[in-house]
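One chain comes next, on its own, written out as structure tokens in the form predicted on its own.
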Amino acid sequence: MSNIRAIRGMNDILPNETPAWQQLEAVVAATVRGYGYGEIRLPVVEHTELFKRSIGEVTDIVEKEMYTFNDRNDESLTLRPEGTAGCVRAAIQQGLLSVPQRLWYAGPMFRYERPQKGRQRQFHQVGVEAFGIATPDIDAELILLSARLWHQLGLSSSVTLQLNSIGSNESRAAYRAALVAYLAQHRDALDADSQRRLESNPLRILDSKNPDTQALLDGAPELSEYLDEESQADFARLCELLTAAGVEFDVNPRLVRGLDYYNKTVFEWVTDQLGAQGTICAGGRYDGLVAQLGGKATPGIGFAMGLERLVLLMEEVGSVAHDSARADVYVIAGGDLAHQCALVQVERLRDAHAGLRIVQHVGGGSIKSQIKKADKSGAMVALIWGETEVDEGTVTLKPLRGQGQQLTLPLAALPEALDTALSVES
């Protein structure tokens, strides 16, 4: 009988890999909390209609990439491909939008794509969303928040910010018509994917990766020429705020983002150190989305960042804080009574030293064999209870790294001696 394997593109994250994830998640949680954002936890499965109405039925995500199925009630459900739609749904349903809201969430998302480095079918995102604030100062806040994350993670020199405004729905519609008119004259020169998008989602042609298509776009109308006055003023103010805060950025007139709900500000943080998967964080305004999903018209803006790519980038630049040992202390006991005594004393030690990594040997075996396992564990010191230690109310402390001396001491002296041993070894 063959082994059952994980689904392609849905990967296990192993114990030697999770410290980097934990480091990243801890930095994110502390940073967003510092800006006053509250965590919201959302379902992994939503009604398919939610994503059709928010993302857009003619987007690649809805047309090709969603994991959609009918449940036993014959309702069409979908594993979430992104987080903003579910967050907006929850904010409407739970009555959160009567006042401005700052929210964040984290978890797995699902898209049926060709798996490659930094791009999986089950991937993990952190999303940050703000509702009820129409002015560009909240746009600046979100970008500053993300910039602080890169600083905290040691990534500031590895990423750059690209910024654009795609204007109001009306100005974007006018630009869309002008772009289609231009591209229609050069249809035969477009790649096959762009020819398909010309009828359904022509703005996505702007971020085509085909070099011939990009060369053709050099003569296309510029989106900035069609922006309404309000969008121009808001974008100018955003650029002013970012410049004052010392955030460097490039205005990319072809940056449009791939989801239909965006308007006005759009932005991406990109890197050149991960090959083709260069975007590590992206977002923008979606002032019409709340009303589109049945709520009262409410401005919104947010961003999402892919954790797989961020972990890869942290490893690439060497900013992952790897543990020097899997454990601080390995506990050894010779015999049932010694094990029982050790069990009680080690729990007291854990009470007194929160955060200390203590592994207690289980499964029996001689003290000699246990010492070998203690050494292989990577622990800094071993604590040994044998018959003598039990009878005399003592414990033997054996350094496993460095030049420290083995010593036997009263139990009352253990906490201080352990602190000294670990500080010397570190």
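Numbers follow the displayed sequence, beginning with 1. Note that the structure is predicted; figures quoted are calculated from it, not measured. Definition used throughout: the rigid core is the maximal C-alpha set that superposes within 1.5 Å between two forms.
Omitted here: the form predicted in complex with the RNA. The next part is about that form.
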(request) Work out which of the listed stretches, 46-54, 66-74, 33-41, 397-405, brings a heavy atom within 4.5 angstroms of the RNA in the predicted bound form. (result) 397-405
(request) Answer with one of G86, G306, P136, G302: the residue that has a non-hydrogen atom within 4.5 Å of the RNA in the predicted bound form. (result) G306
(message) Within 4.5 Å, heavy atoms only, which of L217, L203, C281, L149 is in contact with the RNA in the predicted bound form?
(response) C281
(message) Although the partner isn't part of this model, could you tell me whether R357 comes within 4.5 Å of the RNA in the predicted bound form, counting any heavy atom of the residue?
(response) no
(message) Taking the RNA as it sits in the predicted bound form, is I384 near enough to touch it, meaning that at least one heavy atom pair lies within 4.5 angstroms?
(response) yes
(request) With heavy atoms only and a cut-off of 4.5 Å, decide whether G118 touches the RNA in the predicted bound form. (result) yes
(message) Contact with the RNA in the predicted bound form for S158, defined as at least one heavy atom pair within 4.5 Å: yes or no?
(response) no
(message) Need the contact residues for 191-207: heavy atom within 4.5 Å of the RNA in the predicted bound form, sequence order, or none if there are none.
(response) D193, R197, R204
(request) Please check if R41 moves between this form and the one not shown, taking a CA shift of 2 Å or more relative to the superposed core as movement. (result) no
(message) How about L50 - superposed on the rigid core, does its CA move between this form and the one not shown by 2 Å or more?
(response) no
(message) Once both forms sit on the same rigid core, is the C-alpha displacement of Q22 at or above 2 Å between this form and the one not shown?
(response) no
